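Single chain ahead, written as structure tokens, the form predicted alone.
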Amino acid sequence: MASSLISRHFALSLQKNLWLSAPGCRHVSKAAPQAQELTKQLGEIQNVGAINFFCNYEESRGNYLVDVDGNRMLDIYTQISSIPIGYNHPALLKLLSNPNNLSTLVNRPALGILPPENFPDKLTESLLSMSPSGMTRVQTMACGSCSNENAFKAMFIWYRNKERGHNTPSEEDLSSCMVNQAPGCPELSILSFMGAFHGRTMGCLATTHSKAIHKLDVPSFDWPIAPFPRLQYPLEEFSRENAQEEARCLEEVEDLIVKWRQKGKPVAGIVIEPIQAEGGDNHASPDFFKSLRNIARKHGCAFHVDEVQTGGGATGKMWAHEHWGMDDPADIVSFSKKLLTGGYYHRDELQADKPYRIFNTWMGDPSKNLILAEVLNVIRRENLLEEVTRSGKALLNGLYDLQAQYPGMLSRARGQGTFCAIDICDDATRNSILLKARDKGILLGGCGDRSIRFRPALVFKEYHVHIFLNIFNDVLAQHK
């Protein structure tokens, strides 16, 4: 019975998909009485200050998101960059209509103690089929924050075992950690970068420096914060200045590592995003990251690349760090968002040395690995990384043209693949543009102080780029 219902839903979804993915179709937003009522209703239960609108996910298809009042929008934000192949993809609906998969969907095991019999095979089909260079181990988690939080723990455990020369703690270690004191709770640190966003849990917040609202009123660790390069655009006109800026930041990294060691809080690891996303889509050159990797080696720090936002193909490669051209890019690579589950890959030496050290109840979700395996099949079958490269080139070129057309309003167009952004003259104008774009059927998101970020699904095609550019130009003309 359940299977036949799902099959009928799948057939209906295919029919709707043909209409909803039609090129050139626009839908201007209208009044939202249902959204207002739902916001009021939910507001009596929890804080609704961040809610944009309520969605009708059953009616949403491909690159188009439908709100509860029937307005259809070309979604270039995709749930904060977390939808890999669009809404209600036929391949995923077919996968979930298979009765053989019902057990995986219904039962959520505590993976650390009672994993399902097919779990090794499913990890091999999904996450291990796309492992970063030099990594054959992956630890699954539920979300980006808990992925980074546990990656930090792995780096601390590795560092302390390295200091001891073995992995057997002393009696003093065991007793002192129970009262939050050294040596069991050592004075170690993680070096992060200004503008970074690594999550909202306690350890992650200490490395997050994008917006004050994330950190306000929450106690934090005294850990070092290095400057992230602030590149000037266009890059080809400022190559000397940008090289000097990156050299300045790298020098500061080394200075901080030395200073924190002298303070008795040695840096156990360095964490960095290949592109600082939440902090304003800030880029650096491959040479910067290669030099940073070498600094980590030189000082005995683990090197953690946070690919929660950038992983999963949006830059035209499965991992943004692949653009650096390194055989040994990292010791740990964390992920979530477009990969539907969370976790981190790691080198063998960062494997937890004892049970329950890296642990929680669920440690991920087998149903998400099942879906991810099919997402990867779609990416390969439809050559979506090549599609991203083509669409990204069209998008960035279109942003360059608009930047030239509206020089007082737009600047610093930048991107890799479809992972693009552009700066607006000020925050108020940026927010007005976002609202007017939504009224004309385009859903966008902001980042940093005054940037608009573009985060389409991997199925975003060149004709979608042109639909967006035409509407965006109309919006900008209203502000001129």
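No experiment lies behind these values; they were computed from the predicted model shown. Sequential numbering from 1, following the sequence displayed.
Just so you know, the form predicted together with another copy of the chain exists too; it's not on screen, but the next bit is about it.
Stretch 351 to 359 is the answer when you ask which of 387 to 395, 235 to 243, 351 to 359, 321 to 329 has residues with heavy atoms within 4.5 Å of another copy of the chain in the predicted complex.
A single residue from the set 129, 294, 175, 133 has any heavy atom within 4.5 angstroms of another copy of the chain in the predicted complex; that residue is 175. For the options 299, 209, 347, 317, the one in contact with another copy of the chain in the predicted complex, meaning a heavy atom within 4.5 Å, is 209.
Proximity of residue 286 to another copy of the chain in the predicted complex: non-hydrogen atoms within 4.5 Å are absent; the residue sits far from the partner. The shortest heavy atom separation between residue 160 and another copy of the chain in the predicted complex is within 4.5 Å. A residue is said to contact a partner when one of its heavy atoms sits within 4.5 Å of a partner heavy atom; residue 218 meets this definition for another copy of the chain in the predicted complex.
Although the partner is absent here, residue 120 sits close enough that one of its heavy atoms falls within 4.5 Å of another copy of the chain in the predicted complex. The single residue of 436 to 467 lying near another copy of the chain in the predicted complex is 443, the criterion being any heavy atom within 4.5 Å.
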